[in-house]
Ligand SMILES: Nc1nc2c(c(=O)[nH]1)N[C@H]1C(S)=C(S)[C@@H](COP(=O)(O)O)O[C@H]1N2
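Just one chain is shown here, as structure tokens, and it is the form predicted alone.
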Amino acid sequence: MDPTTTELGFPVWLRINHFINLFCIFLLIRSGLQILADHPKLYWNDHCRPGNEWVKFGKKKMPTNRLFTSMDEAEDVSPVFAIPGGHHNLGAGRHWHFLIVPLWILNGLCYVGLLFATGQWRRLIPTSWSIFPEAWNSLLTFASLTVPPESSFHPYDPLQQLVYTAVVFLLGPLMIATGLSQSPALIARYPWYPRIFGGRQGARSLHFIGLMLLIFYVLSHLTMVILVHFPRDVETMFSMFGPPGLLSVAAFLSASLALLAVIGFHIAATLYTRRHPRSFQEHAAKIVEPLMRFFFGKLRSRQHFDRQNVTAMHHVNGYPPENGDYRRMAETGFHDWRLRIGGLVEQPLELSLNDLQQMPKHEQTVRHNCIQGWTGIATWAGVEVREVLQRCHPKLEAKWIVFHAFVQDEYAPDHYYEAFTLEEVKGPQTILAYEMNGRPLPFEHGAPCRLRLETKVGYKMVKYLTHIDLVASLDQVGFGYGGYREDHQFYGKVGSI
């Protein structure tokens, strides 16, 4: 071991960085559990066939004699473990996750940068191969329930050093890399990226395994801090503005107050999010939405799966409409159905299914990415949205395009709708689909026509289309937050991850 490591100590920046990391990790774990609860199943391939999950949580069993949707598979989760906890609080959980991820990454980059800028890298990166047998001996010492002497810590003992190095330089980057693969926008633009992990579901599973390792590490770390040289470690870490020398009692009180502050924040944040979901949504959007648009807003889908990769049992979300108009049209093959395009356009349109079929046909075999986590691959065919826009000639004041659906019982008396900027729908793989896997669109997947926008998660792709409006402001759409899920379930309007 390099003798200079005995002089490393715990500089003030490292202690502050350590506290920020603790603050972030707990929030990421709790919000991650909330996200997982909405589809508590994990797979190793992107088809997500029922029964093919390698692990699932909860006791729900889905029926085999009727249609069920992935929303039915969601589980309740206690607010003790998740933020904000409860049932279908996915929107708030995602807001917390995406609020904290940038802070955690920035804190990590500052930590690594300062390690190398100050020479503190020696506290983590081994400088001798001897660390491996020394770490093994340290493991045997701990396994025998014996505490190594203080002289073994320089400032960490060899086993600590290897574990911390793995967490900082392997586990942390793995969580970031697999987390990015959950972005439909990123993996649609760079289809090779999720293949590094065996597909999006492989990345999701690795992300979960990383979460479990992170939880195990945090619990082990806190346990070791308490059991191994506790007074000295606390005194060292909490002598913030001078050399270690505070009384152990004062250091213990400082450590306790810091931990209580984190716990207090979690309690307050959970209560606030549950009691004031709209206010939290509005405040979170001011940070999350610009970041989403900055990193993912300009990406366009370039997916091209082979037809042989189509998912045999594609998941479903949302039940088909049961109202009279829809059923009547369905019985006649939707011959009477018309898609109205209006609002701020020079030339309003009213298109039949046959009219759409007469336009240039675009076909794409792509991955569907549900906000809950499941995926499926299908071949969709239809008309590019930009083709329709060219025919209706949007007015200059038109900024948003809004897709509206038939009334479905689960959303009644309202109907489903989602809004996008005009720029978001101009990609070549943004289509009004009327076919799936070479056949007319099935009822459960949105017949007679649905939106496919491959850089977004599934809730943004409206099914059972009735009309499309171009508007100048979201104030003209529902409650003004960008769509049905945003208005009623507090989701974010961008939906690119």
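Note that this is a predicted model, so its numbers are computed, not measured. From 1 onward, residues are counted along the sequence shown.
The protein also exists as the form predicted together with this ligand; that form is not presented, and the subsequent description refers to it.
For the three residues His314, Tyr416 and Lys463, a heavy atom within 4.5 Å of this ligand turns up in the model of the complex in every case. Of the stretches 37 to 45, 53 to 61, 467 to 475, 439 to 447, only 439 to 447 has residues with a heavy atom within 4.5 Å of this ligand in the model of the complex. Although the partner is absent from this view, Val383 stays clear of this ligand in the model of the complex, with no non-hydrogen atom inside 4.5 angstroms.
The closest heavy atom approach of Tyr434 to this ligand in the model of the complex falls outside 4.5 Å.
Although the partner is absent here, Trp374 lies within 4.5 Å of this ligand in the model of the complex, judged by heavy atoms. Although the partner is absent here, His368 lies within 4.5 Å of this ligand in the model of the complex, judged by heavy atoms. None of Leu162, Ala405, Ala203, Val388 but one reaches within 4.5 angstroms of this ligand in the model of the complex through a heavy atom, and that residue is Ala405. Gly318 is the sole member of Pro84, Pro194, Gly318, Gly91 with a non-hydrogen atom within 4.5 Å of this ligand in the model of the complex.
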